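Only one chain is shown below, in structure tokens, and it's the form predicted alone.
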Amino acid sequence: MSNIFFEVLRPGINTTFQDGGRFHMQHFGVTPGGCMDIESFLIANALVGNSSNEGVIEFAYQGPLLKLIKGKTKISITGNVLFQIKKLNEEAIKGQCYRTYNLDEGDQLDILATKQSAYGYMALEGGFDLKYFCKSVSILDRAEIGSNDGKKIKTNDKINIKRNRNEKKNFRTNFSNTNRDTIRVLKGPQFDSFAKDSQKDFFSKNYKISNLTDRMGMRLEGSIIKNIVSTNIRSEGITKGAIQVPADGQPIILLTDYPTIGGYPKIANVISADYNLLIQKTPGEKIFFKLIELREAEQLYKEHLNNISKTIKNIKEIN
């Protein structure tokens, strides 16, 4: 057991440990889960010199207030996040995302809020000292699966750190958060089950993100989508980003903690390159859908991965 640790003074909203996900378990009904925003997750780990799949803290809207009780560490925050660092007998430091900071015993990290976005990430050098379940630390809190007994972080929790920091230098990279309202999609397997006028409306009118949105799914409000075959189908395997249409005609986008099977027809599926953009949208925002072909989606995903690699390669030491 590590003797280097944080104490949680405020847990924040929906604060959990996450990594790249828990795969090869879907036939048991266990979703892969993992980080909502893989891009922010990968960059956070790269900044502090971790392997790409090291566990991080993910938070939504408001992050935790943490006090480093023992030891010293190096942290990075990614996303579009307001945070500050409080050092003993010093004025609070206003934090900048996509760079690292050294924390020493007694320091406090206060992750205040995300800005015009939903999720943010905190990584630290060497990683958190967490228990793995099926090769992942990711928390699926509905099923109480994962590290921290499968539960969200709460006040007075002790967060153990694997080791003290080795690197005194700090690092940063350049990154600009994208915010556009068009989400590109592929046709879903039941696309032809919907009326032609509804198909047209789906791609020409906006949909508002409702308050009924979490890690499992995002309910939308807008034009009713009419099913001309059946509002229910035999349950089948589904994927992250699938857009289901239940009997009320209002779309539901399945997100990272999606169920492994479902019985609602699917009109479309969000492409992988636009998924991170989608999940950073907040309730009340409006989005449009644009239909593209598979070949274009594959090319966009390659470009997306290349952009992440460039951001990581551009990490530089701060003078």
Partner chain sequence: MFKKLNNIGDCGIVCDFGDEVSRSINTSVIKLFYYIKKEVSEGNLDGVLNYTPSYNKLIINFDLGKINSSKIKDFLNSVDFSKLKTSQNSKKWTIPICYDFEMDLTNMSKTLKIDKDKIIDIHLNTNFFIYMVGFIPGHPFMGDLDSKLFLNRLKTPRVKIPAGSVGIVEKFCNIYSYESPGGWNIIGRTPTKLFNKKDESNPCLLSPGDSVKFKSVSKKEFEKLNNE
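For clarity, every value in this text was computed on a predicted model and none was experimentally measured. Residue numbers count along the first chain shown, from 1.
Separately, the form predicted together with the partner chain exists; it is not shown, and the next lines address it.
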| property | result |
| --- | --- |
| Proximity of Val245 to the partner chain in the predicted bound form, heavy atoms at 4.5 Å | no |
| Asn45, heavy atom within 4.5 angstroms of the partner chain in the predicted bound form | no |
| 4.5 Å heavy atom contact, Lys196 to the partner chain in the predicted bound form | no |
| Contact test in the predicted bound form: Asp192 vs the partner chain, heavy atoms, 4.5 Å | no |
| Single option in Cys35, Leu66, Ile271, Ile57 placed near the partner chain in the predicted bound form, where near means a heavy atom within 4.5 Å | Ile271 |
| Partner-contacting position among Ile93, Val229, Ile224, Cys134 - heavy atom within 4.5 Å of the partner chain in the predicted bound form | Cys134 |
| Proximity to the partner chain in the predicted bound form (heavy atom, within 4.5 Å), stretch among 197 to 205, 164 to 172, 112 to 120, 184 to 192 | 184 to 192 |
| Residues in 230 to 251 with any heavy atom within 4.5 Å of the partner chain in the predicted bound form | Asn232, Arg234, Ser235, Glu236, Gly237, Ile238, Thr239 |
